[in-house]
Structures are given as C-alpha cells and as structure tokens.
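One chain comes next, on its own, written out as structure tokens in the form predicted alone.
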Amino acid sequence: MPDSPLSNDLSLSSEQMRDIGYEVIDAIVEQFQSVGKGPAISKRTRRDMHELLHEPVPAAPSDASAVLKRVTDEIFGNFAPLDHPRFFAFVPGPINFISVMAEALAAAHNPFMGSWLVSSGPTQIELTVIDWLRQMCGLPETAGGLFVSGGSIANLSAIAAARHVKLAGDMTGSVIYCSRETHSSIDRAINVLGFKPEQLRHIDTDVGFRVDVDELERAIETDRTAGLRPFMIIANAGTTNTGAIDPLETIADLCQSNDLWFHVDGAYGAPTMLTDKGKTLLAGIERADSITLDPHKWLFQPYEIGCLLLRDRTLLIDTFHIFKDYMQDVIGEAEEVNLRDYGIQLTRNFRALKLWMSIQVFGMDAFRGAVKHGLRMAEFAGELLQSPERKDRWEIITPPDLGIITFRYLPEAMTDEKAIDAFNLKLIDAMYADGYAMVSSTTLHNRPVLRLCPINPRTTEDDIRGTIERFETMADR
C-alpha cells in the first residue's frame, strides 16, 4: 500500500482502498482454498495470546498491509475454523463466499434497518427472505418475522411475544414447559425476561431424548389444579445434543386443546424442511405459533443471522412497538414496515443481504442438496461405525436422525463402565491435541459419549472415514 499520509477524517484515496481491498480479497480466497488443508483446531494458552496480542493503543498510523498480515497470521492463525470440513463439534458454521462478499457490501453501505424511511430497499429484501423461510416452514401468509443475532435472541423474543399475548404482561403463577434436552438459551431467556427458575418446567425425555408427552400432560394438569397458569410449550426440532425431534404434531394438539403458545426451537434443524426427509421428520412444525431458526447454521451463512418467525406477524408489533417523540419523522405510511417495531433492536444491521445474495447466486436447489449431503454424512458415519470390521469396537448411542450421531469406543477386554467413560474422554483430548478433526463430547444417560455433527457441504466420506480411523489409531496407542 502507498506510504502517503492517512487523513484525520478516516478516509483513504481510491488507490489506497483498492490496494488494501485486493489484499483482503486475496486473504479471503486463500482462506477458502486452504481451510481443509490445515488443522481443524488450533488453540494456544491465554498467556501466549496475551503476549502476542496485548499492547498499548496505537496513537500513530500503521501500514495497512502489515496490519492485515497480523490479522491473518496472529489472530486467524489461532482459532478453530468452523467451516473446516472436519469440524464436527457443536453445530458447525460452514459458510460460502458470496455471503462473505454480501457482508462486505452491507458493511460498506451501512443501512439503518430500523426504519423504512431510510432503508426501503434493504427492508424489502429482509421481508422477501423472511417470506422464503416462512414458506419453507409451511407457515401461512399471515406469518412473518425478523432476523436477529442468533437463536438465543430469537427464543427470547418468542417468549416475550407469548408472554404479551397469553399473559398480558402479568407473569404471576405462569408456567413454561420444555424438555430436559432443550437449549440453555431458554433458561437464560426466562431469567432475562423476569420469570423465576421454577416457572420453567424441564420435562423428562424418552429413550430417544424426545420430550415425554405423557409427563408433559400430567405436569400441565397438576399445575392447573394447583392454580398456576400454563401458557407455553417449547418443542425441539433438533436438539443440540443428539438431534432429537420432539413429537411436534402431538404437542401442537396439546397446545391447541389447552390454549397454550406453541414455540418450536429449530435453530439448526428447521432448514431440513427443504428436503422430503425433513418434512417427514418435522411434521407439525407448520402448526407452531413461533419458530426459531439460524441461517448461520444449516443455511451456511456467516455469523450473525438468526431468525424468528411468528404465525401472526402483527403480534410482534403488538409486543415490541414503542413510540418516542424523536422518532416522529420515521412513522411513515401505514403500509410501510419499520423493523424496529418487530423486535428488541432499534439499530439493526442488514443481515438479510447475505442470505438473499447466496440464494440468488446458487439457487435454493443447491441449498437443498447441501442439507441432504449433511444428513447423508451422518448416516455414512453410522454405517462405518457399524461395519463388520468395526462394530465390536464402537457403540452407537443415538442414530443419525437429523445430522448428528453420538457413539462411544469400547476398548477390548475393558468392562468397567467408569474406565470406559474415562477412555472416551481421553480420546477427545487426544483428538484436540492432534488437530486432525474437531469432535465434541456430551453426556447421555449419565455417560460421556462422542458426538459428530457433519453438516458441512464440503465434508467428504474420506473426512468421516479418516476421523474414525484416527480415533482407532489413538485408541490402539
């Protein structure tokens, strides 16, 4: 980059912007081309990172190329790339190049997404993409929603809407129901919204980690008899632990007969509605009052882009609309949509552009194929683990119902359960140290198990096979 002085108004010349811009693009392309060639995780100690990156605030300008090199080497050289084809932990975040470019465009134009007055074009794109997701989930034309940072805020906003509609703001004696496998964001949300911990009932699950509907019904009846006010059931369309899907149709019936709000947390699982298998597995999701989904999971978008859909979009406005005098110039016409009225944020970034652009460029059929591929990779892992030459060494704990499979290693001649538990945890530690793949563990039936979530569209059968073989080599060693 030229050595010409930088301006105090934080501007650069056209030549300077192009020079650093081309360098950034080169770095991004290199990341996409090399992500599967390096380790799936690279972690250093807090002391190492403090020594590397902690420094006094710079008062004088630095060369932009030198700063970019520090970013690529020192910062992004020390993290786990969630779009690595062998990153199988948690719920991976595989992305696509078009969405990255869309993020750059959105940041450069920096629209204020709270008001139609200043963002009619960007607002309409958000409304359009929200409608695509509405159709994907089978909701009626009355439905709508908005993009938020992620599933946590989407779940919180759904509970806030349910509280407003069903309780009119009076939380006294009110009760929410969910399974013990429900995401921790629900516990956090009820705390933020002012509910007491005992107002959230965690219902036990069956052997497949789906909510026990009989116990759920009994809990509702018991609470009503005690004078409490059941008002909401939260069902899972793919739990983080195992991918378990609660019986959505049955829960929808239960909510209808008891006048309860029906919320479905499909943060990662809902996009399987793009596939025939997903429509079968998630039958009943279209009856929900609200749905959470995260395009930054199984729709392959960069963070942050979560989504909340409501069966009746006007209920979001009823819940969140607040008017202040300083906003009088942006009220607009009746048909104009001001997204500030749909959720918690007044200032919102343009999250929809990356999903809109990537669907426009690749087409929804490509996303449908990518989701099918993730389902297939989990099934392939199960087939490998149960192959004749391996089935004595591995035990599948939960089958690959929704792109997640859990399993554990069975060391030969080892019968003590605690020793087997410790052995599997050592395998995870060994894999972290090795870096070849990123596989997480979880606890099921009070036992630690290994957990694989291979939903990256660039994951191959060789990646799955190589990871299992690596585990076996480590086990032998």
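Quick note: we count residues from 1 along the sequence shown, nothing fancier. The structure presented is a predicted model; accordingly, all values stated were derived computationally and were not measured.
One more form of this protein exists, namely the form predicted in complex with a small molecule; it is left out here, but the text below deals with it.
- Proximity to the small molecule in the model of the complex, taken as a non-hydrogen atom within 4.5 angstroms, holds for one residue of Asn349, Ser174, Ser185, Gln386, which is Ser185.
- When the small molecule is considered in the model of the complex, only one residue from Gly114, Gly343, Gly284, Gly150 comes within 4.5 Å through any heavy atom, namely Gly150.
- In plain terms, the part of the chain that comes close to the small molecule in the model of the complex, with a heavy atom within 4.5 Å, is 262 to 270 out of 355 to 363, 389 to 397, 162 to 170, 262 to 270.
- Taking the partner from the other structure, the small molecule in the model of the complex has a heavy atom within 4.5 Å of a heavy atom of Thr240.
- A residue is said to contact a partner when one of its heavy atoms sits within 4.5 Å of a partner heavy atom; Asp294 meets this definition for the small molecule in the model of the complex.
- The small molecule in the model of the complex comes within 4.5 Å of no heavy atom belonging to Leu82.
- Using a 4.5 angstroms limit between non-hydrogen atoms, Val91 touches the small molecule in the model of the complex.
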